[in-house]
Every structure is written in structure tokens, then in C-alpha cells.
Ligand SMILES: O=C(O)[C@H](O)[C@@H](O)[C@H](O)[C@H](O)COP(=O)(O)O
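Consider the single chain below, provided in C-alpha cells and representing the form predicted on its own.
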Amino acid sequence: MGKQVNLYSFPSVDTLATALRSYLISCQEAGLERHGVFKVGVSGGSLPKTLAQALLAPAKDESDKVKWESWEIFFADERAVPLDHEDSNYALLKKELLDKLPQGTPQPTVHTIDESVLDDTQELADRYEQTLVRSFASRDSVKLPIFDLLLLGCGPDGHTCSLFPGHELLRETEAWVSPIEDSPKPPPRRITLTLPVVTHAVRVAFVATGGGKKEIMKDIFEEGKGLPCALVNEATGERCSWFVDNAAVEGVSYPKRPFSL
């Protein structure tokens, strides 16, 4: 796969969040230079909380500023539930981050699912794909959307987005967004970006914290085992960075490197 994935390990979530902010600002500036906007996809789980810790801190100076008005936020996966439901990734991001933006802060553009078609996950996926098409150019002119950054989590089984180990969705090559009706983790009905979309991002960042992750981190980094997170690592190489705390990689032999941009 060429150059290796970056594994950045930190003594605490606080120090991780500080480095993650620097990384996010760097990706933001690269996106703005590339096309005047920062297109980022986010997933749920514990990620929005860490993201909030990184992004809600006051800017140290002009170069450390989050330019929210330039952010275009998409969801790497979403559950087929109303947007105010406790299982909604949008609701989680709203609660942890968007609702906490200081008053007067310019708002990012946030692309949510279409609640009118929650009963039909294929239609839900198709409509979200059309949202991507409108933002990233017509389907005919680009084979795949290229996100400036995808911010992902890692499940205890090695899943990311709603791409689960051994699931047939891992073999999807045509769709940008696919439905899943049988997620092994509740709720079962969801939509997700497909693996080719994930691996075509300019940058991919995983955030994984806590001792509960160390066994699956060993599997991902030492054995691969065809786990979705490992498949992303293999396809993206140095474009992929993991932000983890020391507890999550205790006993993992893969080389960690000091964080630098």
C-alpha cells in the first residue's frame, strides 16, 4: 500500500483533542485552497464528543480559527430514524457540537437525511446519494465523491461507518451510499457511505479511545483480518491518520509516531 498509516498516540483525550484540532484546521485550509469549501463526513458514537472538545476550544490565533461558514458537513452513516431521535447521528452531533457553538458563530452547512422516506432505506440511501451528487458534481462527471476529510470511529468489532465485518456491503463498488437492513448493532436499519467512497477521501482520520479498544486495535494493526477499519488502512496508507489514547493501543506493536503536520 506504499507509505504506512499514521498512528498517533496520546497520554490523554485532552492532548489528543488539541492535536486533532491542529489536524482539522490543516485539512480545512487545504480544502479551502482546493475548492473554497471544506467538505467533511462524520460518523457517530463517541466521535462527536471528542470533536466538540477539539473544535469548541477558543482559537489561539488567526491561524487556529475554525471557519464554520466554510464547512459542509455530511454523515458517513446515519440511522433510519427521525432527526430528533436519540439514535440519530445528526442529533448526537447537534447535541455535542452544533448546539454549543458560541452565539453569533457562522453556521456550517449540514446535510441530513430526508425524514420523509424513513420507511424505505433504499430510497433514503438514494436520496442521500443525490445530495452528494449535487454537492460533488454530477454523477456522470465524477466516478466517486472526494471528501476533504472523513472523520470516523472504530467499533469494538472493527466496523466503521455502518460497514460491518464480513457483510456483503463491503463488496459494493457502484453505489456511493447504500442501505443496510440487518446491522448487527442496533438500530438495524441504516444508510452508509460505501468503502470506495471512504477510501477515496483526501484524508481519513479515525478517533479511538479507551482500554476497551486495545484488542480490536491489535487485530486491525497486526493481523488485518479483513476488518472494515483494516481495509480502510490498506487502501489509504499515509492518507489515513489514527488519533488514539495510550490505553487504546496498549500492547499494539505497530509503530506509533509523534504527531506533526
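All residue numbers are counted from 1 along the displayed sequence. Remember, it's a predicted structure, so these values are computed and weren't measured experimentally.
FYI, the form predicted together with this ligand isn't displayed, but the following is about it.
**Student:** Could you tell me which one of C154, L149, L93, A80 places a heavy atom within 4.5 Å of this ligand in the model of the complex?
**Tutor:** Checking each option against this ligand in the model of the complex, the one that comes within 4.5 Å is C154.
**Student:** Taking this ligand as it sits in the model of the complex, is S46 near enough to touch it, meaning that at least one heavy atom pair lies within 4.5 angstroms?
**Tutor:** The answer is yes: S46 has a heavy atom within 4.5 Å of this ligand.
**Student:** Would you check, heavy atoms only and a 4.5 Å threshold, whether K185 touches this ligand in the model of the complex?
**Tutor:** Flag for K185 set to yes.
**Student:** Consider K39 of the chain shown here, and say whether it contacts this ligand in the model of the complex, taking contact as heavy atoms within 4.5 Å.
**Tutor:** No, K39 is distant from the partner.
**Student:** Does this ligand get within 4.5 angstroms of any non-hydrogen atom of N89 in the model of the complex?
**Tutor:** Heavy-atom contact with this ligand at 4.5 Å: present for N89.
**Student:** In terms of non-hydrogen atoms within 4.5 angstroms, which of the given stretches 185-193, 95-103, 126-134, 171-179 touches this ligand in the model of the complex?
**Tutor:** Comparing against this ligand in the model of the complex, the contact stretch is 185-193.
**Student:** What residues of 154-174, in sequence order, lie within 4.5 Å of this ligand in the model of the complex by heavy atom?
**Tutor:** Counting only heavy atoms within 4.5 Å of this ligand in the model of the complex, the contacting residues of 154-174 are C154, G155, H159, T160, C161.
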